[in-house]
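Okay, so here's just one chain, in structure tokens, the form predicted alone.
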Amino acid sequence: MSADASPIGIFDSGVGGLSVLRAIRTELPAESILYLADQAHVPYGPRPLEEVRAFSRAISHFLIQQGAKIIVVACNTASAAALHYLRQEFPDLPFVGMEPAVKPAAEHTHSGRVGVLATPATFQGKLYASVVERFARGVEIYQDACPGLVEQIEAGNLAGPATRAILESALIPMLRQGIDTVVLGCTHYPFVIPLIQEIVGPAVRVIDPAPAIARQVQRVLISRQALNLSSPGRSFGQAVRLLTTGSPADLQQLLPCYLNQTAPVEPLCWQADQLRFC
């Protein structure tokens, strides 16, 4: 009955991609998911693009070895650095990456002023520049790299004083400029949407790209006749396999904070630029 029970592979530098996993689970509840957090190297944002590209290639190779039928690059930095490269390196496998949601922001803004929160590598990448060039003509874009925010979210600090200070430093100057839309250009940032919304108020729209990514994954799987047609019903722990290059215990302890779920987490180790089970 199942067309393809192989897992969807998802990777990120850390927990940010769990926001994409959450959206994919909502959209495609019958699918198995293999999630890999490269927490040994988090955050990717300040790293050179060439280094992120090398990490992304090794992770993709590992996910393919584990039977992934599609790979979601659930990291804006890795998408900017490596998505085109990965599609060339692994031409037989579909890849879905993150693109800053500048287009819907530009289409829906009334003030013509949009704030974008992302990492330095995303802002420096050709993908972001291309999106702004194509879709944001006539729109004022205000950018902030939110230094330290990824680290706070990785620690599970989603609403504390340090996290609030980082976001207020980024958003209050944008609000003074009259923004009415905020684009989240890092998959970690949806976990602090409640705090962002508290700071910017109800009149400002906050765009989470994860649901659009989940719909794109569905479209790609349908086009390749690779959907799992089994009836959903498995628990989170049965359908989702979690791997990390960091501390499995730390990630497992924080899962309820991010997903209101718990599940085992398996350790991975980097050895000679390749991933292995520890």
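No experiment lies behind these values; they were computed from the predicted model shown. Position 1 is the first residue in the sequence shown; the rest follow in order.
There is another form of this protein, the form predicted together with D-glutamic acid, and it is not shown here; the text below is about that form.
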{"query": "Interface stretch in the predicted complex with D-glutamic acid - options 184 to 192, 99 to 107, 158 to 166, 85 to 93, non-hydrogen atom within 4.5 Å", "finding": "184 to 192"}
{"query": "Proximity to D-glutamic acid in the predicted complex, single hit among 42, 214, 221, 49 (heavy atom within 4.5 Å)", "finding": "42"}
{"query": "In the predicted complex, the residue from 81, 116, 150, 71 that sits within 4.5 Å of D-glutamic acid by heavy atoms", "finding": "150"}
{"query": "Contacts with D-glutamic acid in the predicted complex, stretch 8 to 38 (heavy atom within 4.5 Å)", "finding": "12, 13, 16"}
